Every structure is written in C-alpha cells, then in structure tokens.
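The form predicted alone is given below as one chain in structure tokens.
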C-alpha cells in the first residue's frame, strides 16, 4: 500500500509547482483528451500515444517523481490488464487491419488483438502519469480553488460549487491516508495470526472481513474528526467565501496553456482528417 503515490503532494520548487492550478487543471484535461482520441491507423495511435507518454514522463520528472512510482501504483491493476489482454485475444474481432497472428482450426487470432491490449495499457499508464503529475505538484487547497473557480458560472443556478470542490479536494487528500490505514490494519491483523494470502477460500474471506470492518470504523472516525475540526474553525458551506490568497496567473502560465491547447487542436485535426504522418514519407502505415 505504501507504493501507491497517487494523490500525494510532493513539495518542490519546480515550474509545475509554481504554475497556476487553474492552468494545470486545464492542461490536464487537454492531455487527457489527446490520450483518448481515436486515430486513423495503429501506427499513428502508437506514435501519438508514445509522444504523449514521453511528454507525461518528462513533466512527472519535474515533480521529482518517476515512472517507477506510476508502475508501483499500478501494481494492483496488472492482473486486470493481463485479463483484458486475454479477453481481446479470445473474443473474435469484427474488423481487423493487421494480419493473422496464428490460426488453430476455426479459431483465428489477429495482431489487432495485441494492438488493442497495448493501446489500453499505454493509455492507462499515460493517464495515471498525467494525474500523478497534477496531484504531486498541486496542493489540495489550491486544487480546490481551481475547481471552484471553474464552477463559478454555475453559482447563479444555485449549484453548490464550493461544497463539491471541497468534497473532491478532501477525497484526493485522504486517498493516501486510507491506504496507510489499510497497511496498518493488515500488519496488525497479520501479527494476530490472520493470513490473507494463504489458506482456503473461506479463510481468505474471513481475513478480508477482519480488514474491512476496522477500516470502515477508522474511516468513520476520521470523517467525524474532520467534521468537528471544520466546525471549530467556523466552516459554513452556505456563507460567502473569502480568500486570504487569490490566484493570479502569470505570463508563463498563459504560454503553457496555449501550447497545451495547440497540442489538443493538432490531435483533433489528425483524428478528424485521418492524417497519417507516415504517408508523407511514402511509408505504408499499419
């Protein structure tokens, strides 16, 4: 559980840490859209996906975190990715553009199945890298301000922008805390002889039950302590909110925002027009 770093803020004096959180949130959305766009060929899909992945890793390195932290956070999802790859291979495809990988009787497996699985894996890792860059370089309170600022136009419609922004911020903040509590309860139960990895199915179910119940109790206790602390500090969700420190974007923030939007516009253009960079050099794309 200690390997899960999503949601943790890493204090460091980098240009990403100094950037306006509203700009970082907008850049994150732009990059996410670029990741999930569908391109004309497999070659373009993996070319654009690889470029976005490299860009995401470079931005993550600026926060003093690396791709190893992303892979450790995805450790619990590797089985799901392997299972997804098996599903893509076993289930026959309706359309295919790549040749046959192998054929056993009536069962035909195309290379498109492996390409689909690789695309999903690349998208997931890139998405986690971008999200981790945002949370590692942005304080939870600044992220709350950014979310509330974007929801400001909805306030005349009596939309609870401040409450929703605070809820999202608290949820992001308490992801590492809950994981630490889970690790602590697992070690405590293991010291009492509870084996969650070995034994029969009923023994594993009993071990998981002994983990979930203390975790729920600890979560409710933390939520009650947080509610009491917010009430003691005079937090009133219906009152007019004021700011001790107001967000102010700099010229460099606008430059990064323009670059992110230009990247998004380029990806949308390649997606809509079925642009193929390999065709410009006379290379047959897959």
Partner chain sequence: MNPVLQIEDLSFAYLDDKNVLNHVSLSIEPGQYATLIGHNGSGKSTLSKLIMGLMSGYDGKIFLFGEEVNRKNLRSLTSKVGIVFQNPDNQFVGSTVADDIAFGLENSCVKREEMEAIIQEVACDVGMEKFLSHEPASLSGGQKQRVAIAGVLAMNPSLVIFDEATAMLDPRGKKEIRALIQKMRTKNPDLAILSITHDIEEAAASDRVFVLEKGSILFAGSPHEVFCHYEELVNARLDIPFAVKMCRALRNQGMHVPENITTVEALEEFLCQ
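Whichever C-alpha set is largest while still superposing within 1.5 Å between the two forms counts as the rigid core. Numbering follows the first chain given and starts at 1. Note that the structure is a prediction, hence the values are computed from the model and not measured.
Beyond the structure shown, there is the form predicted in complex with the partner chain, which is absent from this document and is the topic of what follows.
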| query | finding |
| --- | --- |
| Any non-hydrogen atom of residue 46 within 4.5 angstroms of the partner chain in the predicted bound form | no |
| Contact of residue 226 with the partner chain in the predicted bound form (heavy atom, 4.5 Å) | yes |
| Residue contact check: residue 61 to the partner chain in the predicted bound form, 4.5 Å heavy atom | no |
| Touches the partner chain in the predicted bound form: residue 232 (any heavy atom, 4.5 Å) | yes |
| Option touching the partner chain, based on a heavy atom within 4.5 Å in the predicted bound form, out of 117, 143, 166, 128 | 166 |
| Stretch in contact in the predicted bound form with the partner chain, which is absent here, among 153-161, 120-128, 173-181, 80-88 (heavy atoms within 4.5 Å) | 173-181 |
| Partner contacts in the predicted bound form for 151-165 (non-hydrogen atom within 4.5 angstroms of the partner chain) | none |
| CA of residue 222, rigid core aligned, shift of 2 Å or more between the shown form and the other one | yes |
| Displaced residue check between the shown form and the other one: residue 255, CA, 2 Å or over, core reference | no |
| Flag for residue 117, CA shift 2 Å or larger between the shown form and the other one after aligning core | no |
